[in-house]
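One chain is shown next in structure tokens, namely the form predicted on its own.
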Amino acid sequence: MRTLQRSFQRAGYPLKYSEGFNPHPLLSVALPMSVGISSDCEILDFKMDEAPSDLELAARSVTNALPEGLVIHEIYYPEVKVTAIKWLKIEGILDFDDGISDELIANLNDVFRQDTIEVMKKTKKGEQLFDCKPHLKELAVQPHSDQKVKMTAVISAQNPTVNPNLLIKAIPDPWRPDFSRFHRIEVYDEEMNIFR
């Protein structure tokens, strides 16, 4: 967050600050991903002292003030509130040290075709049994290489939030990957329109 705050300042687009005893920049990340999950579409909600006249120039200027690898793709005025976000499209790579087979792919697909996909989920009140199935819009598993499987899914972003790692927990031990990593591709509203 400090990196983002400083980049706006360096680029000449000061952020608006809250009022009170401890002012802070009005900047937040909508639905931040868990540690270790990469993303192409993090949404940054912020307010500036003055609205820039050229939003494309502002996006380029702030990107130039960021460390390598961080990119502001677009700055735009919001059309709807962040609460309208419902779905996330994610892609996961599942690593299997002993290699993959047609049987493994079939078993993985069978796991996610079940009527219920129950896992233990941590909540503020402790752990609870959680059924992922009603909160999965799409899920496909296919070979990616000799030792890797690609999983593509559309999962609930909020109310409730489905962490991609819950999908790994749902896989029984004999077919569970040795390692997995996920990447967020896109964010949608209830009707699967790209969120803006």
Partner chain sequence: MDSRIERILMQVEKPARYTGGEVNQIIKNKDNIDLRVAFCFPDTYEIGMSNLGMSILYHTMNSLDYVWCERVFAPWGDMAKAMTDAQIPLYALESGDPISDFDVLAFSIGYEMAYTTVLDMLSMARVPLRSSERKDLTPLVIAGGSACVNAEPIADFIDLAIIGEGEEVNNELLALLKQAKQERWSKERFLRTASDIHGIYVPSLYVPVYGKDGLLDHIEVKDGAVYPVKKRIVQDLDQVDFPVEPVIPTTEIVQDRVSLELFRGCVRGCRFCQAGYIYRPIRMKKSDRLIQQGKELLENTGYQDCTLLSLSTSDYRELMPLLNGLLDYCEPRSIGLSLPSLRADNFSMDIMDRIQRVRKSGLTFAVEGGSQRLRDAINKNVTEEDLLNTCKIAFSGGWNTVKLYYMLGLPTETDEDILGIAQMANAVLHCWRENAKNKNRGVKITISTSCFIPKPFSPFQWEQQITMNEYRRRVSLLKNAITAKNVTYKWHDPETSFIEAVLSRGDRRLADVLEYVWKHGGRLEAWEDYFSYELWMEAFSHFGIDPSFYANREREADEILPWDVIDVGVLKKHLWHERELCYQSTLSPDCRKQCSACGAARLLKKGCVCDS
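Given the structure is predicted, the values throughout are model-derived calculations rather than measurements. Residue numbers count along the first chain shown, from 1.
The same protein has a further form, the form predicted together with its partner chain, not shown here; the description that follows concerns it.
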property: Stretch in contact, per heavy atom within 4.5 angstroms of its partner chain in the predicted bound form, of 29-37, 50-58, 136-144, 150-158; result: 29-37
property: Whether 9, 67 and 179 all lie within 4.5 angstroms of its partner chain in the predicted bound form by heavy atom; result: yes
property: Residue (of 97, 74, 79, 110) lying close to its partner chain in the predicted bound form, criterion heavy atoms within 4.5 Å; result: 97
property: Proximity of residue 174 to its partner chain in the predicted bound form, heavy atoms at 4.5 Å; result: no
property: Residue contact check: residue 193 to its partner chain in the predicted bound form, 4.5 Å heavy atom; result: no
property: Heavy atom of residue 17 within 4.5 Å of its partner chain in the predicted bound form; result: yes
property: Partner contacts for 1-23, taking its partner chain in the predicted bound form and a 4.5 Å heavy atom cut-off; result: 2, 3, 5, 6, 9, 10, 17, 22, 23
